[in-house]
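Only one chain comes next, encoded as structure tokens, the form predicted on its own.
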Amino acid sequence: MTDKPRILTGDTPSGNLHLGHWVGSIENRVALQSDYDCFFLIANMHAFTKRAERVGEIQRYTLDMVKDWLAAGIDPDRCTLVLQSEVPAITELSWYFAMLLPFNRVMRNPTLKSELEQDDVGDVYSFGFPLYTVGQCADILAFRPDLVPVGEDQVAHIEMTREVARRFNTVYCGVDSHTEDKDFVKAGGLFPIPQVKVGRVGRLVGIDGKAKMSKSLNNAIYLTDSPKQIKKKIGQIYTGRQSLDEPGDTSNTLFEYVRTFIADEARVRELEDKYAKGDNIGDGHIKAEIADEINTMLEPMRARRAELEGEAGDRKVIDLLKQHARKANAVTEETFYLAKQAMGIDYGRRELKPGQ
């Protein structure tokens, strides 16, 4: 254990990670590893909300996502990888937290409503689908973190987590409900009220220029894409501009990518100025420059990812997850024990079997 402030964040395995994941959260995680006690959650149980009958796919996506994390710079010697299904306290806390949230509050969660509308499932979704939003509160609070780095679309989820933490501290720990967030633990609460840290780009639009980058919308550039694939995908960005001397709109998708992936600020300003004036600069030139910058950034990731391919890579990841489950359970079992004490249902502290 460490005295560093603690972080918990993670992803649901749904395939390879893309640039939206990188700028929205993963880049933050890599940067914060030295200064925080980091727990990164692989939410494989949440994946069952949409793919309960495709367990092989969930397993494959789980391993692929962890490989993408490691390739992106997540260091298993400086963080703990948490496989959700291996941490029983998360599931158990979900039950108790569900009693602290009115049903209507859960269904008003903006992210949940958006997912239901986007997937167009009507009333044919499983009971577990809205339940996962409560489970996400447990994902976070089981580790009692100070900070939760997330993408912009997850902020609503974190606010519900903060509500649960306040409610638990008030109902079971006797903390005054008017206590400021920063003082809940000092006042006797079990759960800190976690703060949110959004990535430098809260919401990266996809190459279609219409919606957030997403695998399901087929508008994503993946961390595993080849240089050729990236060049082709960047080339698909449409601006509607017709000629080199036509003034362009620098608020378009193309320039969102310029500001996101070209690190030289002076060069960004130069491109913006020339484009806005129609100063003999074409979309194709800018697209090529963006593709080069993205490929330069991804090249070391591709090299690390190649070392994890095949069955040997799978075994390495599985062994790593087993090792890290021990620390994850040490932390969450302590939380669960303290929560049961607060709720008056403490009948002895359990011990998980070796390896858990």
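Residue indices: 1-based, along the sequence shown. Please read these numbers as outputs of a predicted model, since none were measured by experiment.
Note that the form predicted together with a small molecule isn't included here; everything after this is about it.
The shortest heavy atom separation between residue 148 and the small molecule in the predicted bound form is within 4.5 Å. Interface residue remark: residue 136 is counted as part of the site for the small molecule in the predicted bound form, having a heavy atom within 4.5 Å. When the small molecule is considered in the predicted bound form, residue 132 lines it closely, a heavy atom lying within 4.5 Å. In the predicted bound form, the small molecule sits within 4.5 Å of a heavy atom of residue 10. Residue 41 is the only one of 66, 291, 41, 26 with a heavy atom lying within 4.5 Å of the small molecule in the predicted bound form.
Of the listed positions (154, 252, 109, 260), a single one reaches within 4.5 angstroms of the small molecule by any non-hydrogen atom in the predicted bound form, namely 154. Only one segment in the set 42 to 50, 56 to 64, 321 to 329, 308 to 316 has any non-hydrogen atom within 4.5 angstroms of the small molecule in the predicted bound form, and it is 42 to 50.
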